[in-house]
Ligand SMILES: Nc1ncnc2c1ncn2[C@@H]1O[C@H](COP(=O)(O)OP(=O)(O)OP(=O)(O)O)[C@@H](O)[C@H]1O
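Take a look at this single chain, the form predicted alone, given in structure tokens.
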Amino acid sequence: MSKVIAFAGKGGVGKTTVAALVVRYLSQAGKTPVLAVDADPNSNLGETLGLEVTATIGDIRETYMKDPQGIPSGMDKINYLETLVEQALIEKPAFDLLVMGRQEGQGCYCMVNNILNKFTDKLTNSYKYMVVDNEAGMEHLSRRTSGKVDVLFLVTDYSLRGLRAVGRIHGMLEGLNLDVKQLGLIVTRAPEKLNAAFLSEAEAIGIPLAAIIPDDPALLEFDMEKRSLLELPDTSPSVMAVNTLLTTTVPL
């Protein structure tokens, strides 16, 4: 069974960047194999890892729903859908990437979702770690991990708006079918000293502060050059902060 590390937060706060840096750490530390799952409909984890995504679970679901009879001769629907998922899996030496993609359109998706969910559950058993970049609502997280999450990081940038979004997400946890063993707050794009009002509001939310990731100019530079964050130097402030998080605060 994979150890599940998941991320949630409102859009634009840097959670995908942090997820990519966790994949970087696990890959370089030899804690492999790793399955990276992009469960945010606004999928861009692949870009941060330097990968071109050509197919998603959402694409597979829609293709099947448009033509349920279009199964190749000699295959049943279960084998057909499982084959498509295997083709959508992007395989690298230290990690693989699976992108969930768009949400369901109109119609009943129960049957195809059940098949896809069972196969992806079976797939995750082949990995030591699963890193899930999640949407704020976390619906995918409750469906794709059988409700078990070893570490859930709620991510905010250095803003009260992002922090309040984290508070709302935290409040949703009780209503989800999730067994979260460890919960932590990550603050991105942070100055050297955090404002007292920010710290006070963070404390009121009741989530342990797991990491403060300083503003790192290299992240913007790599984004503009369309470079993989896996290539960031070990001296990058964001890399150092994430590595410290995973070796001391929340050791994996």
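Numbering starts at 1 and runs along the sequence shown. It should be emphasised that the depicted structure is a prediction, and the values quoted were computed from it without experimental measurement.
Separately, the form predicted together with the named molecule exists; it is not shown, and the next lines address it.
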Worksheet entry | Residue contact check: Lys15 to the named molecule in the predicted complex, 4.5 Å heavy atom | yes
Discussion item. Given that the named molecule is not shown alongside this chain, does Asp223 nevertheless sit within 4.5 Å of it in the predicted complex, heavy atom to heavy atom?
Written reply: yes
Discussion item. I'd like to know if Ala211 sits close to the named molecule in the predicted complex, meaning any non-hydrogen atom pair within 4.5 angstroms.
Written reply: no
Worksheet item: Glu47: heavy atom within 4.5 Å of the named molecule in the predicted complex?
Response: no
Discussion item. If contact means a heavy atom within 4.5 Å, which one of 49-57, 64-72, 214-222, 22-30 is the stretch that engages the named molecule in the predicted complex?
Written reply: 214-222
